[in-house]
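Just the one chain here, laid out as structure tokens, in the form predicted alone.
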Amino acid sequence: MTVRDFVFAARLPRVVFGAGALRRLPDEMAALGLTRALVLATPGQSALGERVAALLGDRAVGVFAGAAMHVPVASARAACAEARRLGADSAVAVGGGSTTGLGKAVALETSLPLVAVPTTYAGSEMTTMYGVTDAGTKTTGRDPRVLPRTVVYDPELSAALPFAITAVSLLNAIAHAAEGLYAPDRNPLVDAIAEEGIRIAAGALPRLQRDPRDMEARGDALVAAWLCGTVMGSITVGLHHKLCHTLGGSFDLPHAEVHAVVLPQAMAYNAPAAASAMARIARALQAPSAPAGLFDLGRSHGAPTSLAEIGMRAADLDRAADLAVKNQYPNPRPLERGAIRALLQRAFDGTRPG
């Protein structure tokens, strides 16, 4: 194996993993010296937010159940205002990527330490990346302040997660690892973690389709999220993530579903310039082709395969292509407006990569 030159610096939270690990949250907060936590959740998970606040007892000052997809700037400002009003010394984000994203926005604005309790497989709890959407434009960046101090992974918290959400969330995780395999700043450790993360995620999907309450499979899914998120936190993302941020932030499409649809098409676009990465992905999937294997994995587990079925309008494809090439960024294949527009058409139609 030929090893490229690289520079690597690990930036990872403390991880507490296991069935029932949520019970350890008060001790983790105590170890961090945090005594006035604002618990964050979505409106749909407000009951879980209240449960976590009750578990923390005097260490919680309130619950803000206003997290929303793509972190609208209004919800971020409201959460920050609530943290200041209550004199919070920390934030605890309980839920999926929307809540983690809100926690990061709060941490960025207030410098409060963040603790994450993920209930899906987004993996963003492992990264210094953040994003906020304002007037249809999603702004992303990296800042060490948004990296959670501790992440509590408890498979029991996702036992009731509907399989449809499970599937797109795990495909979202796979996308993080797949891009890591052709990133300009990848290294042998990232390569190994990425391939293993894809393998575990793909293996968990059929088991959870058979039995969504399979705790061993739920645990594997969280391990996959941890590994794939660690990859994304260690590399520079490329075409796939840029397209997903554009489509999600500018056209208000659901985050994980966009990843599920775009991933096979972005892999097909980059395949001619990233043969080694595609070979690793195909091996992890036990498929002859990485792009087709990813498409088949999603389709066979009920994930959406076209932008049309998740709310994209054909009339917006030209604008999406323009936005996608507005700023150049590292990618194994050069970004060409015509080719990107063709990619988006295939994603809109749900065409299986050949």
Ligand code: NAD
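Since this is a predicted model, take the numbers as computed values, not measurements. Residue numbers run from 1 along the displayed sequence.
Omitted here: the form predicted together with the named molecule. The next part is about that form.
Using a 4.5 Å cut-off to the named molecule in the predicted complex, each of T42, S124 and H255 places a heavy atom inside that distance. With the named molecule left out of view, the stretch that reaches within 4.5 Å of it through heavy atoms in the predicted complex is, among 220-228, 98-106, 207-215, 194-202, 98-106. Contact check for L157: a heavy atom falls within 4.5 Å of the named molecule in the predicted complex. The closest non-hydrogen atom of M69 lies within 4.5 Å of the named molecule in the predicted complex. Taking non-hydrogen atoms only, A284 never approaches the named molecule to within 4.5 angstroms in the predicted complex.
Under a 4.5 angstroms non-hydrogen atom cutoff, the named molecule in the predicted complex lacks S75 among its neighbouring residues.
M232 is the sole member of V152, L181, L112, M232 with a non-hydrogen atom lying within 4.5 angstroms of the named molecule in the predicted complex.
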